[in-house]
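Just one chain is shown here, as structure tokens, and it is the form predicted on its own.
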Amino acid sequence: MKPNRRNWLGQVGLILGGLSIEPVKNLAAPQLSGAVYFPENMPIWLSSNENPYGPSPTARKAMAESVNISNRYGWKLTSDLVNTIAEKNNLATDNILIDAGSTEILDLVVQLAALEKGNFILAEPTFNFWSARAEMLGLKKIAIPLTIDKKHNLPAMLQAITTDTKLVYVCNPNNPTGTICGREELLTFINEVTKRTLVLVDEAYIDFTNQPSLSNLVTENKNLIIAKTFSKIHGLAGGRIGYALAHNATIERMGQLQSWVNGGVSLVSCAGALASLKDDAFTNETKSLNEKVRQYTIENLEKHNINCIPSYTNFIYFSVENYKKDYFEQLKAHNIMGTGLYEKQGKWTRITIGTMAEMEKFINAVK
């Protein structure tokens, strides 16, 4: 459908007027082919692990209203957000640092680790967008292959640590595999590694699981940093807002690497994040819908000889080695945006879990 004046006015009115609180299933984002900022025939976007239902209605309303005061600096709102994050995690405000997405938090940790030259350890494959930056700053990468069932090989990572190791990174649950570390094993690992070096635990997808955050550990452990984001279950990927949880001394060191401590996030994004933190109904229903659609997708993929790794996230990791057709050509023919291969051996790839309607179209493309 082509954008026209009526559609455009309707969309603007929806944004500026805010949204009433409705069940998540009625809040899927508008069809992008009819939105003013996107071209026609926009593909079904299943590549970036975004929340297809968000932002929440309260976050949308808060962001729309905050535009009117965006001529002012958001100091008060930033403080409110830090206070709310602290309360949610039973921490003090000096255990919190916010920035423009958790990728910026990862970058700050890399800068901190690279103040002294050495190496860093991570799994392979994992979320590694930040690793090139680490190498550019002089740290040597040590990549530890996952186990055969696509989980972190924590014993091997522990064994790889040297006197020059400045950082160990654990993405839990892991991207792109969707696997999760057993909590007791992870606690043992962190206890051992933090005696020797920094550990960065990326909890971008922890809200899709029943495993609690490790946030309670940071008050006593100066070498543990937890990265969190509003991009996933909160549906604010475009808002670019994330935060770190760490010991107050570690937060102070990280803050020294920011030009303006906690000042890198827009007022609009702060307003959306603050409202979203208070909208538990939205995040709970997002999690529930994700579980339902994930189960449907895995069951149907496996009917077509596509081996899936059990997922604890809003994406699925699977092998197309035994798939009889050209998987990527099938996506292209059905105007679906997926990802490439993460592992050539076994032909492992990943797909984001969209709405049920989107995943039905995805399964139809696979057929």
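Start at 1 and count along the sequence shown; that's the residue number. This one's a predicted model, so the numbers in the text were calculated from it and none came from an experiment.
In what follows, reference is made to the form predicted in complex with a small molecule, a form of this protein that is not presented.
In short, of 198 to 206, 132 to 140, 159 to 167, 215 to 223 it is 198 to 206 that has heavy atoms within 4.5 Å of the small molecule in the model of the complex. Within 4.5 Å of some heavy atom of the small molecule in the model of the complex lies at least one heavy atom of Phe127. Among heavy atoms of His152, none comes within 4.5 Å of the small molecule in the model of the complex. In the model of the complex, the small molecule sits beyond 4.5 Å of every heavy atom of Thr286. Looking at His247, you'd find every heavy atom of it more than 4.5 angstroms from the small molecule in the model of the complex.
Taken together, Leu106, Lys232 and Arg240 are fully in contact with the small molecule in the model of the complex: each brings a heavy atom within 4.5 Å. This chain lacks the partner; the member of Ala113, Val265, Cys171, Ile121 within 4.5 angstroms of the small molecule in the model of the complex by a non-hydrogen atom is Cys171.
Residue Asn175 is the only one of Asn89, Asn175, Thr78, Asn95 with a heavy atom lying within 4.5 Å of the small molecule in the model of the complex.
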